[in-house]
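In the form predicted alone, a lone chain appears below as structure tokens.
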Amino acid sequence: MLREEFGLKRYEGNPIIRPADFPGADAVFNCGQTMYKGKTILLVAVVLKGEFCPRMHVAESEDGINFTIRPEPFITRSDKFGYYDHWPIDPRITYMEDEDVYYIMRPANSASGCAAILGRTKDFETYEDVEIIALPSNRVPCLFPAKIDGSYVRLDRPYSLVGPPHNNNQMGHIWISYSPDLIHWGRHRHLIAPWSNWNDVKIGPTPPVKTDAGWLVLIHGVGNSCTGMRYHVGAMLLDLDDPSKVVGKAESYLLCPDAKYEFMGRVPNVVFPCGFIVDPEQDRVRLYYGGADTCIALATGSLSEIIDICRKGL
């Protein structure tokens, strides 16, 4: 029996995208998400049976439930970066309204460790790799959708490969940094460390969304158990004018791996967010998340309720 839902509620028709929905797929999972010309756009990681390297495909929907996945990949291993790009997954999409550009940040996995690649598109038809913008090891960079005091701003999780994975002095924290041009980053500051048993191993951000109460960020939080690591979804609020200040965070997780499609798959016990969509007029948050690194599911919640959870530390 599922636990009582808190903050986010699963769509009763989950999972909404299964491997069977894409010919030859072994897994369809962990998706960036945004709106484009009235359609819900997901950028999904697809692993084909018998192939080592994933690729990313565009999935689009008129109603946010029924998706069509384009057969041709949108992002594959980069010819530009070669050796440094062996595993293209986990895209984070940020729409920069002032530039009318969708920026895509993704991890760049290689034998040297996981760095970060920045790319961009204007129409989800053509894609351009820009540059590697973070040193290893850094898996989850996320870009704010607007400049703050004239600078681009990002969240990420740099971490050391030294020390036990649950050592809070070594890894798993979120940092914030600033850039004049999206390529050169500095003014690095520690933002927040894991704070509860459901995220005591590590935490990672999604692209922030601006609300009246602050920048809302959904996070993944990883906790240890006797059967291994469990991935959860949580939330935090950052100050609008100075996002280096955390003004609220959810003490509890908003979603944990409870449904069959979340704890049975290529990587068990995983609910994984790469972004979320806010529908302000409906006071609604839509989260398209990866289940067990195998499928994509949908959870929804009240925007005002999630903000209240963060403010009160529930």
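One-based numbering along the sequence shown. The structure presented is a predicted model; accordingly, all values stated were derived computationally and were not measured.
Not pictured, yet referred to below: the form predicted together with beta-D-mannopyranose (BMA).
- The stretch from 86 to 94, 71 to 79, 204 to 212, 232 to 240 that comes within 4.5 Å of beta-D-mannopyranose (BMA) in the predicted bound form, counting heavy atoms only, is 86 to 94.
- Every residue of the trio F29, R139 and V267 has some heavy atom no more than 4.5 Å from beta-D-mannopyranose (BMA) in the predicted bound form.
- A heavy atom within 4.5 Å of beta-D-mannopyranose (BMA) in the predicted bound form is found for exactly one of F272, F276, F67, Y253: F272.
- In the predicted bound form, beta-D-mannopyranose (BMA) sits within 4.5 Å of a heavy atom belonging to D293.
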